[in-house]
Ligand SMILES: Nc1ncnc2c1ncn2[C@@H]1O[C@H](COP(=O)(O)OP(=O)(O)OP(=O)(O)O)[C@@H](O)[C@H]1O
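Just one chain follows, in the form predicted alone, and it is written as structure tokens.
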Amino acid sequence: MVHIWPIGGGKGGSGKSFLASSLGRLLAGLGKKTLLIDLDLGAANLHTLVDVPYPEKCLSDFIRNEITLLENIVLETPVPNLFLISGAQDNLDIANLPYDKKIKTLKAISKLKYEYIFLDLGAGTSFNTLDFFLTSRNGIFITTPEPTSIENVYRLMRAIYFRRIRHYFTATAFRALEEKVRRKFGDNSFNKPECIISVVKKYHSEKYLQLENDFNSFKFKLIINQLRKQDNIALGSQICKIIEKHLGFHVDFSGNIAYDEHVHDAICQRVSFLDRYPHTLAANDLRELSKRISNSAGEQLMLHYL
């Protein structure tokens, strides 16, 4: 069974591409056939981190139907068992991916034959990012300890929550739901998940049960990246408790990745951080995280709503 792991962070610079490339290297090193897909549409750079400086094919070739099968744009990397779908040569307008092209891409990803697939997603809360994240029951959120980064990753989680609710309603029914929420709780209440779900529970009990089962089946993980010695090591667990309280779904805190200035050095020199600095605390954190990922239960694809 394929294990698809979208990686999202609300803010640029949180370490999505670094995490994707590191997990890919580690799992490939264990003999797992692993694919990295750069879905940071319009700002792709994953190829640089896996030493594929001049990708010959990219996602745009598939989107524009110049290459009809997604597997035919897969590139080999210098790392055995590690493969890449690059976005390096994508057109600038790919960031505004039309709905039909997005659905085509999502369905094609679900059919790829790899043990692990990591989706390196763009920052922010665009519909493309949200729908790619919801491709799988699994998902990784990554943030740095700064308040701005934490706030943005919370907004991403909240947007995913809203997006999933939206899938259960037609456009007309969703507008009616919005109106009911505002009448009951006030003008700004539709931005509050607890207000929405209480109205769904009262007026759409069957959908409420479906949503409850839906969110209970997610296996979301949170990672704190670039944690310095003076930072609160319990920050990740605290964020997960807040998420469960306000959004009502469980996020598993999977660990911290220590801040290491050698990461910057490795990226600038275009070498693998794990190979160049294997005995650092950050490298050990990444190895522990890869073990947790490989030991996780397999997810079920959830493309039935598309």
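A residue's number is simply how far along the shown sequence it sits, counting from 1. Computed from a predicted structure; not experimentally measured.
Omitted here: the form predicted in complex with the ligand. The next part is about that form.
The ligand is not drawn, but in the predicted complex it has a heavy atom within 4.5 Å of residue 267. Using a 4.5 angstroms threshold between heavy atoms, residue 225 counts as touching the ligand in the predicted complex. Contact annotation: residue 35 falls outside 4.5 Å of the ligand in the predicted complex, judged by heavy atom distances. The ligand in the predicted complex is approached by residue 17, whose closest heavy atom lies within 4.5 angstroms of it. The partner is not drawn, yet in the predicted complex one stretch among 250 to 258, 65 to 73, 24 to 32, 236 to 244 has residues with heavy atoms inside 4.5 Å of the ligand: 250 to 258. Residue 123 is the only one of 112, 197, 123, 106 with a heavy atom lying within 4.5 Å of the ligand in the predicted complex. Interface residue among 263, 58, 50, 41, judged by heavy atoms within 4.5 Å of the ligand in the predicted complex: 263.
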